[in-house]
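Two forms, one chain: they're shown below as structure tokens, one block per form, named structure 1 and structure 2.
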Structure 1
């Protein structure tokens, strides 16, 4: 360990010498938390991915920076068989892994690395499946990859074929996700031989735009640009993550010039950041949705007219003003507007308490008492669920519906809200994983998710047929109209009151150039430059 650290220091020194008297370009990012580790696959937190998969690794396909468009990564191209069951990736040649203090690669990236990266998550008997006791492959299993994969075949050194058990259009989008990062099989073999398997999580080696230099726990992570990166060396030489967990302090650091980029400002600080002449504040709607899910299996909420009437009683603008303080946009669809296939033709339920009251009366509902569940935690899609619940309570009382607000500890809340016989409507939300509409519509509203992540317990066959159809269509052009139709069906049936998509603000120094906000909410520094 010690020799490694010395080597790390020597590496940095040599880099500094190499650039000679020229000032190396360093970008300091005040990150909001510490990474759990540097192997992305066992984790689910965005903070971890920003520090691991984004700078250090590549996947076979990746998102074009600032969009949800899938572009080639370590695979130059790919072909999907006519039946959609086989996807063949043609791998990029001459891709170099990082040379670090603990590892010098002897070969370029090849098919073995791809197979290693997936097999370790997939096969329970793989020597790396439990490289640390108790490790779980949350995303791989969460995306149902175990059931989906039939085989991964090495056709030759530069060709890998994924054989599926069923056609699955979102598969390519899944391959852009962080769990699909490609690790070095050669490095793994060396660690295994040295009896230091867990180092794969602490001293990472990847093919990504930056190489790992050092991590001082909960304080600083240092990276340097990968000199042999397949897509060209980065404009900046060093990337530093200064871990700063408190939002107000991040803002102060940015103002004091101690960091160049500081994510997740407090809503209260945004105006002063925008007013600062040295700073720029980017903003974008997040790939998320906050909603109120009725329980569609319980009377009277099994009646779409009742749900619709309640939706019309909610004053969304008041919620946006009070809860989001301007950092939110009204939601009308279950997917956010930045996602492809978003149906802008859908009309949102208008705020009309009188009409709502009448509709409830027409549906034979009077003196209704219900529970509204308020989450105990702050989430990107809902900064203050308690306040939101209180506003809804006031809105519903205007149409004669009496609301009792309930809340549980977060773990309990998640668990209890899944119950099919749950009493009441639940406030919750979702942040997208892979930019695919299936990741919202099937996960949150599909029949198979009832009793799980389908908190509305809503299984409506016409909607289900549409999302199942879209899942197996060969390309996004064909899938798009189907998803648009699904959104229309959703709106008409109203299993949720769609409330808001949060707006994400990204304050940074005006020196930072070419930063692009990621619709999926990650923070990437490849391609980013900094002026002197």
Structure 2
């Protein structure tokens, strides 16, 4: 039965490709996982953003494709006041929202859409703040946007002013991020009137280069090019995400021509992909870090000496050899070495099981049993979390720590791992959103991110004071020494075991043209073409 299903799926995909090439340009992307939803603001996972914010939406400002350069998006221009407390965005005119089977817009994009998109995350009494019970705005809250914003003013239909309570050096860069995607206030009002608020997360409407067609859960997502896109209709007519969670199956599909782009290959498959005459394999150093986050609120992990001892039990080189197969480097800081302000003077925890065992004993820890959480999907910063967890399990056993490996479906994994009372340590990682150190240090380790993207649940005031100080300094030269000091404090306190920074490989058919690898780890198909 299983082989029959696989054959049927392959035949369906082959037929779809054949029909697509005869009638229109179709690109099939073998996505590594299913999105949590299609409203990007409540989420932080790249898998979700690739399926939602990247094809479907725009933000006021965005990253130029393949770079970390901020360029105009739905705002044509912007001005920052001399004191840094007011940022005024001049909105692009004539921008059309998507027309779908469930919604036909009656007006163009305007300031009301901007205010709606942020106010729903900001104001607890906003009718859309809890449109689904228990929804959390993880980025917005983790970046302390609630305290930062004083007001959002509609100057007129085409002008919006953000008024801040303090200067915020990375504010413009932060506005390129996925949580800042602009949704249609008119569509939201229709859904509210119809009693169907949940549909904003299931049948999305944006201004982006592609329009949502349909989604078969855990199987396929279909998009069509937005015919009235403000930056011009895309060369691709139909975009298909074929959800394929197994890296080896993605490789098979790519080689068989059943998909055109397949991310996150197994390191063991890279050589054969590079040797295939029908394929091209792009690569670049990733702006990422993979880590093991302890729960710093739970004993004995509330003791930094215990965390340091466990870090010294981990053989990173063995992990690099077995999991990354040479396509990575050991991580010592929570930011990658390609990012400005990286502190190379920090000394990494040595691999020293004997010293680890003694430190645990000195801290009064014996017979420790703990859980290590292993991600169910491949990510740029961790191509095989299960194997990594097994290696850590073996390492910890050598110092008398018994590890149980646990995992969950990806969306559940992300949700459960946020819990403040989560047990054990969780394998996760991060690829930068905007090229600013604040996007790692504050979003992943700041006090306001506890219970969200701060999976270590670590709120340490000396560190917090440094990252808050860096936010308000006027330029990168002034901010750099503060971030360097923050990295030293992080290493001393060890809320994570920093594992690795990876090289990212991107295999695709030679038919794919003008694809650009994103230094921030996203997969964008605006501007991409495919030869007949």
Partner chain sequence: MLRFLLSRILLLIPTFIGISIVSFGFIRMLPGDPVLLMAGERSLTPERHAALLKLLGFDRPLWEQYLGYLWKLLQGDLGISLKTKIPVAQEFLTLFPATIELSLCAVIFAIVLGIPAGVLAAVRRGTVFDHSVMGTALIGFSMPIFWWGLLLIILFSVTLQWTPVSGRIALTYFFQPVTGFMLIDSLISGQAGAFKSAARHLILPTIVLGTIPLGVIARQTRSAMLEVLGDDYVRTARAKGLSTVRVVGIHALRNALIPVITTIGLQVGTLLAGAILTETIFSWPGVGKWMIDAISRRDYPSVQGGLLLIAGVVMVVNLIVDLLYGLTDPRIRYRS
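Just so it is clear, the model here is predicted, and its values are computed rather than measured. Between two forms, the rigid core is the largest collection of C-alphas that superpose within 1.5 Å. Residue numbers count along the first chain shown, from 1.
Of the two forms shown, the one predicted on its own is structure 2, not structure 1.
Here residue 367 counts as shifted, since its C-alpha moves by at least 2 Å between structure 1 and structure 2 after the core is aligned. Comparing the forms between structure 1 and structure 2 on their rigid core, the Cα displacement of residue 153 stays under 2 Å. Here the chain acts as two rigid units, and between structure 1 and structure 2 the smaller unit rotates by 37°.
Here the two forms are laid over each other by their core, and the C-alpha of residue 408 is off by 15.7 Å between structure 1 and structure 2. Taking the rigid core as reference, the CA displacement of residue 472 between structure 1 and structure 2 comes to 3.6 Å.
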